[in-house]
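This document opens with one chain alone, in structure tokens, the form predicted on its own.
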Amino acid sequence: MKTDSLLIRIGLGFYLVLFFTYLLGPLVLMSITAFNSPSFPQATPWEVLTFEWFNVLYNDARIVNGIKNSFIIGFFTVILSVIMGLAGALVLTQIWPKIRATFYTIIIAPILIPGVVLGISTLVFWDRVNVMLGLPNDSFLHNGILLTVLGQSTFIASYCMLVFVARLQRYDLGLTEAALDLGATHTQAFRKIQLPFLAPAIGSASVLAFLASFENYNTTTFTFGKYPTLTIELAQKVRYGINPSISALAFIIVCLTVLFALVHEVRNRRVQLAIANGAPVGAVTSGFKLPKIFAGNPVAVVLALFVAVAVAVISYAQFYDPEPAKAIILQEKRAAQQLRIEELQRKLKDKRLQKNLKGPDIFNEGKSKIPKLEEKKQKTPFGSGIFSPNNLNKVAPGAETPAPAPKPASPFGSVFDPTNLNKVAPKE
């Protein structure tokens, strides 16, 4: 039994290592390329530690503009998607049970439709609306930000609705009925009872909607107009070649994701520890108090180390100069290139010497193997040279040579004679 348990643990550990390597390996390699000096992203061979690609990223106007447009579009997409998702979830939980399945299918359908179809349909639909209203071609209905928000919200709202439906399944309708019995209106019951209960779901749906909007490409590629997002700019850059500044952007996104994940985990651990120690759920706050954060919370220690390392790296990058090391690497590359050139020249010289020494023998041997063209000609049963193109000009033996046929006289004389241009007109 112990042997089987040990083998299971070893197999499970190997599987976890393989799984996380497959999952996180590309991100780690891309993060490494952000600190390597070559102009093309590569992790090996390692040359010089540098932070210049972060500066290149900061000065890239197209990437900065794409990030700005992505945040603007993501902000409005979150607002519209959360509102539509919450409304759909409330209707779904209160609708007549016999048509609930049909309504649910209609709401979920945009998730199953390809993003390309959604993008094209959004563009065509609002263009037709613009024509029906008689608006000019540069109206607000052709604005790239508006079209992108509308196109992305059509399927992101469905994700938000699923989050709200999962939360509403645990809601006690008796709370709303009790508030109504006590004289509250439906609006007051929703605002003071149901909405606070849905607050965690609203936060989760907002994060989900923003991330889905930020990384969307299929739908956005048909609707962005004059406002390309980050994914559009990255796709256009890849077509013409990339540099490690893209890796620097990926590294920053990974670091921010890890940072927010650690902050969220620290808050959850603090609440769980407070509840486990007997504190009432309503009395537990999610604020940060430094003396209490590290108490029995190892995730907080990891967060503190992460922030310390980030600050240290940023401070070190301010005065680090990679140019001397890059100059040494450049000299080594030139020396290695010169050695390869000399080696190639030496090989070519050796081949020429060998050809000069063995040239006559090779030539004679090759010449002896080439058959003469006359020997390869085969006689035909119809005589030799019967198919020669010159046979038409030959005269049979004993036959008289035919006189040349007279040229037909032209009714216009020799006016079309090609030599007329060289003749001189007679003097009168």
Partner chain sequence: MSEGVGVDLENVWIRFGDFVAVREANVQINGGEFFSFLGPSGCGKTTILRAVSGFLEPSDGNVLIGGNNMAGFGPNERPTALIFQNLALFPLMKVWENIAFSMEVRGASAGERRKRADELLDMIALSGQGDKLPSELSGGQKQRVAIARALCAEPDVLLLDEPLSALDLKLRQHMRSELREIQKRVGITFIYITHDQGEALTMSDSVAVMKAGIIDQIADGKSIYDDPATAFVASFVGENNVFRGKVKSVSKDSAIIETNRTGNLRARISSDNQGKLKVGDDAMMFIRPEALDISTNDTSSDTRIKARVTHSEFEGQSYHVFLEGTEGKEMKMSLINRGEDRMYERGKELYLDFDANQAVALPAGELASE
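Since the model is a prediction, treat every value here as computed from it, not as a measurement. Residue numbers count along the first chain shown, from 1.
Below, we turn to the form predicted together with its partner chain, even though it does not appear here.
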Heavy atom within 4.5 Å of its partner chain in the model of the complex - residue from Leu133, Val309, Ala336, Leu175 | Leu175
In the model of the complex, which of the listed residues (Arg340, Lys192, Arg346, Lys226) lies with a heavy atom within 4.5 Å of its partner chain?
-> Lys192
Spell out, yes or no, whether the shortest heavy atom distance between Gln188 and its partner chain in the model of the complex is within 4.5 Å.
-> yes
Taking the shortest heavy atom distance, is Gly203 within 4.5 Å of its partner chain in the model of the complex?
-> no
Asp181: heavy atom within 4.5 Å of its partner chain in the model of the complex?
-> yes
Closest heavy atom of Phe71 to its partner chain in the model of the complex, within 4.5 Å or not?
-> no
